[in-house]
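What follows is one chain in structure tokens, specifically the form predicted on its own.
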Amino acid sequence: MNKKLAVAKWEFMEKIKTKAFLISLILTPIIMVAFGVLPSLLAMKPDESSVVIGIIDESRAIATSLAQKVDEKYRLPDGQPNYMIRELFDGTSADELKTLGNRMIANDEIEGYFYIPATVFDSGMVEYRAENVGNFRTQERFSRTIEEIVIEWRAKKEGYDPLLLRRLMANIDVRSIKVTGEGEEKESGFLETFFSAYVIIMMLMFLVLTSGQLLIRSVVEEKSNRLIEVLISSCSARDLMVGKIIGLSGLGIVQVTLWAVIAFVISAKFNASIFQLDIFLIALIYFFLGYLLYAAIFVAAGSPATTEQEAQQLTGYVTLLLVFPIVLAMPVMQNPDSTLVKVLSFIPVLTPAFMVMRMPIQMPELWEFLATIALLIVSVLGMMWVAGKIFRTAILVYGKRPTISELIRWLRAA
């Protein structure tokens, strides 16, 4: 055990002093916040200048009301109109008007134009043409306003009062109240529910990626300069492997602790509860076991590599296992108690992420916690055994990548 701790201490002290680690210690939470917050800020950022939108209104009943409503609803921060409506009348047919609109788009005279056919009150079909059709904000605002005008016209035609209908169809504000298994109520919005799970998963992913790559790079570097032969003469391969994992685990604990402190300080400063403390300790258990499992997988996958390029290629495939739960985050949040989600929760490489995602939304039953934690412990021990078998032989193999049959023969060796 003394040799394992000596290796762990050396790995920890060498890596914690590197510039790369110090930069990642600060840069990683910034990247995590940027990924989570920056897209929303950019989407909510108002336009800086008025946008000219053309209107081809064959019905001759919408353009005037549309311009008035858009002018009332949407303004720039300086009070100027967000949109300038320009009606296109030249020409005698719809095709000629569309040609005119296309030419104005090409000449940057207008951002785009809406074509409103005469049948809009029956069909409800409207076209938007622009060079940039990815501007969903403009399309959504105008389509919603046109829809309001069409509904008002239909109401008048049927003899109803549009103002009365508008009051009757007032928007409903729904508050989310989370009910615990004990029957207690707690107001819980989407932000708290999402970030409680998402942030922990992102922390696990970044930690595994950084420390896992450090682990494999360390082994490959020691193999390339034959330093590994000197180390093996002083301790066993298992001592070296376990020591490296313990040392980098300590490095990961330092990272996670700092990130958690930063998160709690920010949430306290802005009075925003992005973590549910009642599940945080349980999430840490899955976090720690998941990290050990992935560390063993990285050792098993990366130790046979003879060059850093091979190691990066192999670890890239392991990284896909971390990305998979993030891709399924929204479906899991919508139906965390489905049979498919429960089954995926019992696949060891997915267990930490799926259980952490499920807890803030709908707390799994006690037997699921006990079973998945036991499964992770067994998986970690089994993967450590497999990694140890491969690591013991692979660290002294140079020149070529071992085949699958050779790896199986190493596992069968005493």
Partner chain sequence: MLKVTNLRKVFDRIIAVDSVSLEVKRGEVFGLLGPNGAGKTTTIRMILNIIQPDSGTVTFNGLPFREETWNIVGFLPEERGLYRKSKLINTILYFATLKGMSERAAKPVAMKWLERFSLVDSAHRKVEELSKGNQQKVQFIISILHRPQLLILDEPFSGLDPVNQILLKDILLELRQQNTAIIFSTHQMDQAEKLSDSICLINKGRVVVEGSVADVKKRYGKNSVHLEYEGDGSFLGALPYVRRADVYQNYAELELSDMSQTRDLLTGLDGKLSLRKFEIVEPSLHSIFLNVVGTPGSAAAQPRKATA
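Positions refer to the first chain, counted from 1. Predicted model, so just to flag it, every value in this text is computed and none were measured.
The same protein also has a form predicted in complex with its partner chain, omitted here; what follows describes it.
Using a 4.5 Å heavy atom cut-off, indicate which stretch of 322-330, 254-262, 295-303, 227-235 touches its partner chain in the model of the complex.
Partner-contacting stretch among the options: 227-235.
Would its partner chain be touched by all three of Trp10, Lys17 and Glu221 in the model of the complex, meaning a heavy atom each within 4.5 Å?
Yes, all three are in contact.
Since only the chain is shown here, I'm wondering whether Ala6 would be in contact with its partner chain in the model of the complex (any heavy atom pair within 4.5 Å).
Flag for Ala6 set to yes.
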